[in-house]
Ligand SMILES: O=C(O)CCC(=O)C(=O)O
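So this first bit is one chain, no partners, the form predicted on its own, shown in C-alpha coordinates.
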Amino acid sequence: MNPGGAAPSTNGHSNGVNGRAAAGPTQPRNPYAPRYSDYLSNVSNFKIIESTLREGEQFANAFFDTKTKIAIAKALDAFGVEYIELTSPAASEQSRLDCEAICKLGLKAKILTHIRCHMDDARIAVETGVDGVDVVIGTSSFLREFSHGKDMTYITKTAIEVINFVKSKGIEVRFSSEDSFRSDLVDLLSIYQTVDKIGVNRVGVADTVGCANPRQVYDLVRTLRGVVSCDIEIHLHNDTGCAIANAYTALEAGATHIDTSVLGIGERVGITPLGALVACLYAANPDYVKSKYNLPMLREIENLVAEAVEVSIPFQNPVTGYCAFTHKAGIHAKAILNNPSTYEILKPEDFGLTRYVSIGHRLTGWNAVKSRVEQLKLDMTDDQASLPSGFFCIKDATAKIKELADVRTQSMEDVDTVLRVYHSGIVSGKLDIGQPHILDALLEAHRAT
(Lines give C-alpha, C1' and ligand atoms only; values in the text may rest on other atoms or scores of the structure.)
Protein backbone atom coordinates (compact mmCIF):
# COMPACT_ATOMS: atom_id res chain seq x y z
CA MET A 1 0.00 0.00 0.00
CA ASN A 2 1.31 3.42 -0.97
CA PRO A 3 1.51 5.49 2.25
CA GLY A 4 0.58 8.61 0.26
CA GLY A 5 -2.55 7.22 -1.33
CA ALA A 6 -4.97 4.42 -2.13
CA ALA A 7 -4.16 1.41 -4.22
CA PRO A 8 -3.56 2.31 -7.89
CA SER A 9 -6.41 2.20 -10.35
CA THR A 10 -6.85 -0.94 -12.41
CA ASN A 11 -8.91 0.59 -15.21
CA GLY A 12 -6.59 3.34 -16.41
CA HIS A 13 -8.15 6.17 -14.41
CA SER A 14 -6.28 8.33 -11.98
CA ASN A 15 -7.56 8.02 -8.44
CA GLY A 16 -5.90 11.34 -7.67
CA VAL A 17 -4.10 10.02 -4.58
CA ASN A 18 -0.39 10.45 -5.18
CA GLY A 19 2.45 9.90 -2.74
CA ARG A 20 4.05 12.88 -1.02
CA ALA A 21 7.70 13.45 -0.27
CA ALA A 22 8.61 13.24 3.37
CA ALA A 23 9.41 16.51 5.14
CA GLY A 24 13.13 17.28 5.41
CA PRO A 25 14.79 16.62 8.75
CA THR A 26 15.18 20.33 9.48
CA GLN A 27 11.54 21.19 8.81
CA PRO A 28 9.51 21.86 11.95
CA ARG A 29 6.47 19.63 12.22
CA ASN A 30 3.23 21.32 11.22
CA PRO A 31 0.56 20.20 13.71
CA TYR A 32 -2.15 21.04 11.14
CA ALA A 33 -0.69 18.82 8.42
CA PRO A 34 -2.21 15.43 7.53
CA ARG A 35 -0.98 12.58 9.68
CA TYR A 36 1.18 9.94 8.05
CA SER A 37 -1.43 7.32 8.93
CA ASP A 38 -4.06 9.11 6.81
CA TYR A 39 -2.95 7.34 3.65
CA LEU A 40 -6.14 8.27 1.80
CA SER A 41 -5.88 11.97 2.58
CA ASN A 42 -5.64 14.39 -0.33
CA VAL A 43 -5.22 17.51 1.79
CA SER A 44 -1.88 17.94 0.01
CA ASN A 45 -3.05 16.62 -3.35
CA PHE A 46 -6.28 18.07 -4.72
CA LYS A 47 -7.82 20.04 -7.57
CA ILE A 48 -10.29 22.90 -7.45
CA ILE A 49 -13.31 23.04 -9.75
CA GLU A 50 -14.18 26.75 -9.62
CA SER A 51 -17.91 27.20 -10.16
CA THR A 52 -18.45 30.97 -9.83
CA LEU A 53 -19.56 31.02 -13.48
CA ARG A 54 -22.03 28.19 -12.91
CA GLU A 55 -23.12 27.87 -9.28
CA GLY A 56 -22.33 31.57 -8.78
CA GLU A 57 -24.82 32.52 -11.49
CA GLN A 58 -27.51 31.03 -9.25
CA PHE A 59 -26.74 33.62 -6.54
CA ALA A 60 -29.70 35.96 -6.00
CA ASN A 61 -27.79 39.11 -7.06
CA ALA A 62 -25.81 37.59 -9.92
CA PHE A 63 -26.01 38.70 -13.52
CA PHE A 64 -22.80 38.22 -15.46
CA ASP A 65 -22.62 39.65 -18.96
CA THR A 66 -20.09 38.22 -21.41
CA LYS A 67 -17.42 40.80 -20.56
CA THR A 68 -17.70 40.07 -16.83
CA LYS A 69 -17.63 36.31 -17.37
CA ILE A 70 -14.45 36.60 -19.40
CA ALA A 71 -12.84 38.85 -16.77
CA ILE A 72 -13.71 36.38 -14.01
CA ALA A 73 -12.51 33.39 -16.05
CA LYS A 74 -9.17 35.08 -16.78
CA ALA A 75 -8.71 36.06 -13.12
CA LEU A 76 -9.45 32.52 -11.93
CA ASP A 77 -7.02 31.17 -14.50
CA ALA A 78 -4.33 33.60 -13.34
CA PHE A 79 -4.97 32.46 -9.75
CA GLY A 80 -4.32 28.91 -10.90
CA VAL A 81 -7.52 26.92 -10.44
CA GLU A 82 -7.41 23.64 -12.35
CA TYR A 83 -10.99 23.75 -13.66
CA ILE A 84 -13.54 26.46 -14.44
CA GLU A 85 -17.15 25.31 -14.55
CA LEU A 86 -19.70 27.17 -16.69
CA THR A 87 -23.48 27.29 -16.81
CA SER A 88 -25.06 24.74 -19.13
CA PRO A 89 -25.14 25.95 -22.75
CA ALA A 90 -28.63 24.47 -22.88
CA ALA A 91 -29.81 27.07 -20.36
CA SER A 92 -30.07 29.87 -22.94
CA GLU A 93 -28.64 31.01 -26.23
CA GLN A 94 -26.40 33.56 -24.50
CA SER A 95 -25.15 30.88 -22.12
CA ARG A 96 -24.12 28.81 -25.14
CA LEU A 97 -22.37 31.75 -26.80
CA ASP A 98 -20.56 32.66 -23.56
CA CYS A 99 -19.43 29.07 -23.11
CA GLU A 100 -17.99 29.01 -26.62
CA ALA A 101 -16.26 32.38 -26.08
CA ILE A 102 -14.55 31.26 -22.87
CA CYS A 103 -13.47 27.98 -24.49
CA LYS A 104 -11.66 30.04 -27.15
CA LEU A 105 -9.62 32.09 -24.65
CA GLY A 106 -6.86 29.49 -24.50
CA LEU A 107 -6.78 29.38 -20.70
CA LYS A 108 -4.60 26.93 -18.82
CA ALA A 109 -7.56 25.82 -16.70
CA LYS A 110 -9.79 23.13 -18.14
CA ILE A 111 -13.26 24.40 -19.05
CA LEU A 112 -16.25 22.35 -17.90
CA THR A 113 -19.96 22.77 -18.29
CA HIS A 114 -22.65 21.41 -16.03
CA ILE A 115 -25.67 19.68 -17.60
CA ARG A 116 -28.69 17.61 -16.70
CA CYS A 117 -28.44 13.88 -17.32
CA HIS A 118 -30.20 14.24 -20.66
CA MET A 119 -29.04 13.51 -24.18
CA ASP A 120 -30.34 16.83 -25.55
CA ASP A 121 -28.18 18.78 -23.08
CA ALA A 122 -25.20 16.55 -23.79
CA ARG A 123 -25.41 17.09 -27.56
CA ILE A 124 -25.38 20.87 -27.11
CA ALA A 125 -22.57 20.77 -24.54
CA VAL A 126 -20.06 18.74 -26.55
CA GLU A 127 -20.31 21.16 -29.48
CA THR A 128 -19.13 24.20 -27.48
CA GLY A 129 -15.48 23.18 -27.23
CA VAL A 130 -15.43 22.39 -23.50
CA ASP A 131 -12.79 20.10 -22.04
CA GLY A 132 -15.33 18.21 -19.98
CA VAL A 133 -19.00 17.77 -19.14
CA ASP A 134 -20.37 17.48 -15.62
CA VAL A 135 -23.56 15.39 -15.63
CA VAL A 136 -25.99 15.53 -12.71
CA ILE A 137 -29.34 14.01 -11.73
CA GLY A 138 -31.24 13.90 -8.46
CA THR A 139 -31.14 10.56 -6.64
CA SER A 140 -32.88 11.31 -3.35
CA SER A 141 -36.49 10.27 -2.81
CA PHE A 142 -37.37 13.98 -2.59
CA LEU A 143 -36.03 14.80 -6.03
CA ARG A 144 -37.15 11.56 -7.67
CA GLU A 145 -40.71 12.20 -6.52
CA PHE A 146 -41.02 15.98 -6.71
CA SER A 147 -38.43 17.01 -9.34
CA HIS A 148 -37.81 14.74 -12.34
CA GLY A 149 -40.07 11.84 -11.35
CA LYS A 150 -37.71 9.07 -12.55
CA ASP A 151 -36.77 5.83 -10.81
CA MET A 152 -33.26 4.46 -10.32
CA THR A 153 -33.56 2.09 -13.29
CA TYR A 154 -34.25 5.03 -15.60
CA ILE A 155 -31.50 7.13 -13.98
CA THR A 156 -28.92 4.38 -14.43
CA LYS A 157 -29.91 3.69 -18.05
CA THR A 158 -29.82 7.38 -18.99
CA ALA A 159 -26.55 7.97 -17.17
CA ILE A 160 -24.87 5.19 -19.14
CA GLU A 161 -26.20 6.59 -22.42
CA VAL A 162 -25.07 10.17 -21.71
CA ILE A 163 -21.66 9.16 -20.34
CA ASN A 164 -20.89 6.92 -23.31
CA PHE A 165 -21.89 9.70 -25.69
CA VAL A 166 -19.65 12.29 -24.01
CA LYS A 167 -16.76 9.81 -23.84
CA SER A 168 -17.11 9.16 -27.55
CA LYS A 169 -16.22 12.83 -28.13
CA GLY A 170 -12.89 12.41 -26.34
CA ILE A 171 -13.59 14.77 -23.44
CA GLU A 172 -13.82 14.35 -19.68
CA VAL A 173 -17.09 13.35 -18.07
CA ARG A 174 -18.22 13.41 -14.47
CA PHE A 175 -21.40 11.84 -13.15
CA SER A 176 -22.88 13.26 -9.96
CA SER A 177 -25.89 12.38 -7.89
CA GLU A 178 -27.83 15.37 -6.59
CA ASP A 179 -28.91 15.48 -2.94
CA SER A 180 -26.48 12.64 -2.24
CA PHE A 181 -26.73 12.74 1.54
CA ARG A 182 -30.50 12.18 1.49
CA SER A 183 -30.21 9.40 -1.09
CA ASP A 184 -30.32 5.70 -0.31
CA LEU A 185 -26.74 4.45 0.18
CA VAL A 186 -27.33 1.24 -1.77
CA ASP A 187 -28.73 3.22 -4.71
CA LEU A 188 -25.76 5.60 -4.60
CA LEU A 189 -23.05 2.96 -4.48
CA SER A 190 -24.77 0.93 -7.18
CA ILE A 191 -24.93 3.76 -9.70
CA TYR A 192 -21.43 5.01 -8.85
CA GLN A 193 -20.00 1.53 -9.43
CA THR A 194 -21.87 1.27 -12.71
CA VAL A 195 -20.55 4.55 -14.12
CA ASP A 196 -17.05 3.84 -12.80
CA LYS A 197 -16.97 0.57 -14.75
CA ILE A 198 -17.86 2.29 -18.03
CA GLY A 199 -15.00 4.76 -17.61
CA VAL A 200 -16.30 7.98 -16.07
CA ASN A 201 -13.46 10.33 -15.05
CA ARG A 202 -15.06 11.40 -11.78
CA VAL A 203 -18.07 10.69 -9.66
CA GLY A 204 -19.59 13.56 -7.76
CA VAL A 205 -21.09 13.72 -4.29
CA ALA A 206 -23.38 16.69 -3.68
CA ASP A 207 -24.67 18.06 -0.40
CA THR A 208 -27.31 19.97 -2.33
CA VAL A 209 -29.22 21.27 0.68
CA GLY A 210 -26.25 21.75 3.02
CA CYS A 211 -27.50 19.21 5.55
CA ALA A 212 -24.35 17.11 6.00
CA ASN A 213 -21.87 17.35 8.85
CA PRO A 214 -18.15 16.43 8.69
CA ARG A 215 -18.65 12.95 10.14
CA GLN A 216 -21.30 12.13 7.51
CA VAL A 217 -19.08 13.49 4.75
CA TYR A 218 -16.11 11.45 5.88
CA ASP A 219 -18.16 8.26 6.14
CA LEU A 220 -19.74 8.58 2.68
CA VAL A 221 -16.58 9.63 0.83
CA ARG A 222 -14.50 6.99 2.62
CA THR A 223 -17.05 4.31 1.68
CA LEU A 224 -17.17 5.52 -1.91
CA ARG A 225 -13.36 5.57 -2.12
CA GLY A 226 -13.47 1.85 -1.39
CA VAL A 227 -15.81 0.97 -4.25
CA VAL A 228 -14.70 3.18 -7.17
CA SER A 229 -11.29 3.75 -8.69
CA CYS A 230 -12.06 7.02 -10.48
CA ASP A 231 -11.64 10.48 -8.97
CA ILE A 232 -14.18 11.80 -6.46
CA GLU A 233 -15.56 15.33 -6.63
CA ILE A 234 -17.58 16.94 -3.86
CA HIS A 235 -20.03 19.83 -4.01
CA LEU A 236 -21.03 21.29 -0.65
CA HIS A 237 -23.67 23.89 0.15
CA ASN A 238 -23.28 26.07 3.21
CA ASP A 239 -26.82 26.25 4.63
CA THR A 240 -25.66 25.07 8.05
CA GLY A 241 -22.20 26.65 7.92
CA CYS A 242 -20.29 23.39 7.43
CA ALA A 243 -19.10 23.74 3.80
CA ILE A 244 -15.43 24.51 4.53
CA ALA A 245 -15.10 21.88 7.25
CA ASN A 246 -16.92 19.37 5.06
CA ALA A 247 -14.62 20.08 2.10
CA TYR A 248 -11.50 19.54 4.22
CA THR A 249 -12.97 16.35 5.68
CA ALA A 250 -13.84 15.09 2.19
CA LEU A 251 -10.20 15.46 1.16
CA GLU A 252 -9.13 13.60 4.28
CA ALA A 253 -11.47 10.76 3.27
CA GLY A 254 -10.06 10.50 -0.26
CA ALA A 255 -11.93 13.04 -2.40
CA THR A 256 -9.77 14.55 -5.14
CA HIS A 257 -11.75 17.54 -6.45
CA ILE A 258 -13.54 20.31 -4.52
CA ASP A 259 -16.18 22.62 -6.01
CA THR A 260 -15.84 26.26 -4.94
CA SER A 261 -17.11 29.69 -5.85
CA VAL A 262 -15.61 33.11 -5.12
CA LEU A 263 -16.98 34.39 -1.79
CA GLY A 264 -19.07 31.20 -1.74
CA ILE A 265 -21.84 32.72 -3.89
CA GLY A 266 -24.47 30.35 -5.21
CA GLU A 267 -27.98 29.05 -4.70
CA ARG A 268 -29.35 30.28 -1.35
CA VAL A 269 -26.29 30.97 0.85
CA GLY A 270 -23.96 29.29 -1.63
CA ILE A 271 -21.17 26.71 -1.52
CA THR A 272 -17.60 26.29 -0.30
CA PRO A 273 -15.82 29.68 -0.69
CA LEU A 274 -12.63 29.60 -2.75
CA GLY A 275 -10.63 31.91 -0.46
CA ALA A 276 -11.66 30.28 2.80
CA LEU A 277 -10.91 26.79 1.48
CA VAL A 278 -7.48 27.90 0.27
CA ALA A 279 -6.79 29.43 3.70
CA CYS A 280 -7.81 26.18 5.40
CA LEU A 281 -5.60 24.07 3.14
CA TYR A 282 -2.72 26.57 3.44
CA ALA A 283 -2.68 25.95 7.18
CA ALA A 284 -2.19 22.24 6.51
CA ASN A 285 0.55 22.62 3.90
CA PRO A 286 1.63 26.21 3.10
CA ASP A 287 4.37 25.28 0.65
CA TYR A 288 2.08 23.04 -1.39
CA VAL A 289 -0.68 25.65 -1.62
CA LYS A 290 1.79 28.43 -2.49
CA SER A 291 3.23 26.27 -5.25
CA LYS A 292 -0.22 25.67 -6.77
CA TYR A 293 -1.90 29.05 -6.59
CA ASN A 294 -1.06 32.72 -7.10
CA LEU A 295 -2.25 33.70 -3.64
CA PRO A 296 -1.85 37.51 -4.01
CA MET A 297 -4.50 37.30 -6.77
CA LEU A 298 -7.16 36.30 -4.25
CA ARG A 299 -8.07 39.80 -3.15
CA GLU A 300 -8.36 40.99 -6.77
CA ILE A 301 -10.67 38.10 -7.67
CA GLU A 302 -12.89 38.64 -4.65
CA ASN A 303 -13.13 42.37 -5.30
CA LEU A 304 -14.03 41.66 -8.94
CA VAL A 305 -16.84 39.27 -8.04
CA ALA A 306 -18.08 41.33 -5.09
CA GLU A 307 -18.46 44.35 -7.37
CA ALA A 308 -20.18 42.28 -10.06
CA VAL A 309 -22.83 40.97 -7.67
CA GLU A 310 -23.03 44.18 -5.61
CA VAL A 311 -22.01 42.83 -2.20
CA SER A 312 -19.29 43.84 0.24
CA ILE A 313 -16.55 41.45 1.29
CA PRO A 314 -17.50 40.43 4.87
CA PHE A 315 -15.31 41.86 7.63
CA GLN A 316 -14.62 38.34 8.94
CA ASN A 317 -13.78 36.90 5.54
CA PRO A 318 -10.66 34.71 5.79
CA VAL A 319 -7.57 36.42 4.32
CA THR A 320 -9.30 39.41 2.68
CA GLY A 321 -11.70 40.64 5.36
CA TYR A 322 -10.61 44.14 6.38
CA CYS A 323 -9.62 42.98 9.87
CA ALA A 324 -8.22 39.56 8.90
CA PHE A 325 -4.69 40.56 9.92
CA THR A 326 -5.53 43.27 12.46
CA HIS A 327 -4.30 42.80 16.02
CA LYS A 328 -5.74 44.85 18.84
CA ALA A 329 -5.34 43.42 22.35
CA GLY A 330 -2.12 44.52 24.03
CA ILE A 331 -0.97 41.00 24.90
CA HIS A 332 -1.54 39.93 21.27
CA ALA A 333 0.29 42.95 19.88
CA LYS A 334 3.38 42.33 22.01
CA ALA A 335 3.63 38.71 20.85
CA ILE A 336 2.91 39.56 17.20
CA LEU A 337 5.68 42.15 17.21
CA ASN A 338 8.10 39.59 18.61
CA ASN A 339 6.98 36.71 16.37
CA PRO A 340 3.94 36.96 14.07
CA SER A 341 3.32 33.21 14.18
CA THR A 342 2.22 33.53 17.81
CA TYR A 343 -1.21 34.74 16.67
CA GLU A 344 -1.20 34.19 12.89
CA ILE A 345 -1.62 30.79 11.24
CA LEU A 346 -1.63 32.53 7.84
CA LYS A 347 1.22 34.74 6.70
CA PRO A 348 -0.26 37.93 5.21
CA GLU A 349 2.79 38.48 3.00
CA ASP A 350 2.10 35.17 1.22
CA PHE A 351 -1.23 36.67 0.12
CA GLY A 352 0.26 40.03 -0.83
CA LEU A 353 -1.14 41.65 2.32
CA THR A 354 0.24 43.21 5.50
CA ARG A 355 -0.69 42.96 9.16
CA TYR A 356 -1.93 45.94 11.14
CA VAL A 357 -1.47 46.48 14.86
CA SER A 358 -4.28 48.70 16.12
CA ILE A 359 -3.19 50.96 18.97
CA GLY A 360 -5.76 53.77 19.21
CA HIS A 361 -7.95 52.08 21.83
CA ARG A 362 -8.17 51.40 25.57
CA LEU A 363 -6.78 47.86 25.17
CA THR A 364 -3.50 49.02 23.67
CA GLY A 365 -0.19 48.10 25.23
CA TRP A 366 3.10 49.94 25.43
CA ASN A 367 4.89 47.42 23.21
CA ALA A 368 2.56 48.30 20.33
CA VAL A 369 3.04 52.00 21.00
CA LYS A 370 6.82 51.49 21.07
CA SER A 371 6.62 49.86 17.64
CA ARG A 372 4.77 52.89 16.28
CA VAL A 373 7.30 55.24 17.87
CA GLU A 374 10.05 53.39 16.02
CA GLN A 375 8.11 53.57 12.74
CA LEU A 376 7.79 57.34 13.18
CA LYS A 377 11.54 57.52 13.98
CA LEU A 378 10.93 59.34 17.25
CA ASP A 379 13.88 58.88 19.62
CA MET A 380 12.58 57.69 22.96
CA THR A 381 15.33 55.18 23.65
CA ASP A 382 17.29 54.46 26.80
CA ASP A 383 20.64 55.26 25.19
CA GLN A 384 19.71 58.91 24.65
CA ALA A 385 21.58 60.70 27.44
CA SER A 386 19.59 63.86 26.86
CA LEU A 387 16.26 62.09 27.41
CA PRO A 388 14.69 60.39 30.40
CA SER A 389 14.29 56.65 30.19
CA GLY A 390 12.63 55.73 26.88
CA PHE A 391 10.81 52.91 28.65
CA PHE A 392 9.04 55.35 30.94
CA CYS A 393 8.41 57.85 28.15
CA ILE A 394 6.62 55.23 26.05
CA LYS A 395 4.58 54.01 29.01
CA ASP A 396 3.66 57.60 29.82
CA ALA A 397 2.54 58.27 26.23
CA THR A 398 0.60 55.00 26.22
CA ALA A 399 -1.30 56.09 29.32
CA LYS A 400 -2.41 59.27 27.52
CA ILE A 401 -3.54 57.29 24.45
CA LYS A 402 -5.60 54.95 26.67
CA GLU A 403 -7.09 57.95 28.50
CA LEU A 404 -8.18 59.55 25.24
CA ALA A 405 -9.44 56.21 23.91
CA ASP A 406 -11.74 55.87 26.92
CA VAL A 407 -13.68 58.77 25.41
CA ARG A 408 -13.52 57.64 21.76
CA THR A 409 -11.42 55.37 19.57
CA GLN A 410 -8.35 57.20 18.34
CA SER A 411 -7.42 57.06 14.67
CA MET A 412 -3.82 56.38 13.71
CA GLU A 413 -3.52 60.09 12.91
CA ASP A 414 -4.72 60.90 16.44
CA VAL A 415 -2.16 58.50 17.94
CA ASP A 416 0.63 59.92 15.81
CA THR A 417 -0.26 63.44 16.97
CA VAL A 418 -0.05 62.39 20.61
CA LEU A 419 3.31 60.72 20.06
CA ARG A 420 4.81 63.61 18.10
CA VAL A 421 3.60 66.25 20.56
CA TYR A 422 4.79 64.13 23.48
CA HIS A 423 8.22 63.65 21.87
CA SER A 424 8.52 67.34 21.04
CA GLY A 425 7.59 68.31 24.60
CA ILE A 426 10.16 65.92 26.11
CA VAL A 427 12.96 67.06 23.77
CA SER A 428 12.22 70.77 24.31
CA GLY A 429 12.02 70.38 28.06
CA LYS A 430 8.44 71.63 28.22
CA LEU A 431 7.22 68.21 29.37
CA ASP A 432 8.41 65.65 31.86
CA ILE A 433 7.19 62.15 32.63
CA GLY A 434 3.98 62.10 34.66
CA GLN A 435 2.69 65.54 33.66
CA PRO A 436 -0.57 64.77 31.81
CA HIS A 437 -1.96 68.29 32.40
CA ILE A 438 1.01 69.83 30.55
CA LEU A 439 0.65 67.29 27.74
CA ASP A 440 -3.04 68.26 27.46
CA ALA A 441 -2.02 71.90 27.08
CA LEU A 442 0.56 71.04 24.42
CA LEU A 443 -2.01 68.97 22.50
CA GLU A 444 -4.52 71.80 22.71
CA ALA A 445 -1.96 74.26 21.39
CA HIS A 446 -1.09 71.88 18.57
CA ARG A 447 -4.73 71.54 17.56
CA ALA A 448 -5.15 75.30 17.61
CA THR A 449 -2.36 75.74 15.09
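Note that the structure is predicted; figures quoted are calculated from it, not measured. The first residue of the shown sequence is 1; numbering continues from there.
Keep in mind that the form predicted together with the ligand is not shown, yet the notes after this line are about it.
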query	finding
Among 74-82, 333-341, 203-211, 320-328, the region lying within 4.5 Å of the ligand in the predicted bound form by heavy atom distance	203-211
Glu50, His257 and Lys290 all contacting the ligand in the predicted bound form, non-hydrogen atom within 4.5 Å	no
Contact test in the predicted bound form: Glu252 vs the ligand, heavy atoms, 4.5 Å	no
Partner proximity in the predicted bound form: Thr272 to the ligand, non-hydrogen atom cutoff 4.5 Å	no
Contact of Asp98 with the ligand in the predicted bound form (heavy atom, 4.5 Å)	no
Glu178, heavy atom within 4.5 angstroms of the ligand in the predicted bound form	yes
Heavy atom within 4.5 Å of the ligand in the predicted bound form - the one residue of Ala109, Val136, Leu188, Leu277 that qualifies	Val136
Candidate from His423, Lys69, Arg54, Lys402 lying within 4.5 Å of the ligand in the predicted bound form - any heavy atom	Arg54
Heavy atom contacts to the ligand in the predicted bound form at 4.5 Å, residues of 90-119 in sequence order	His114
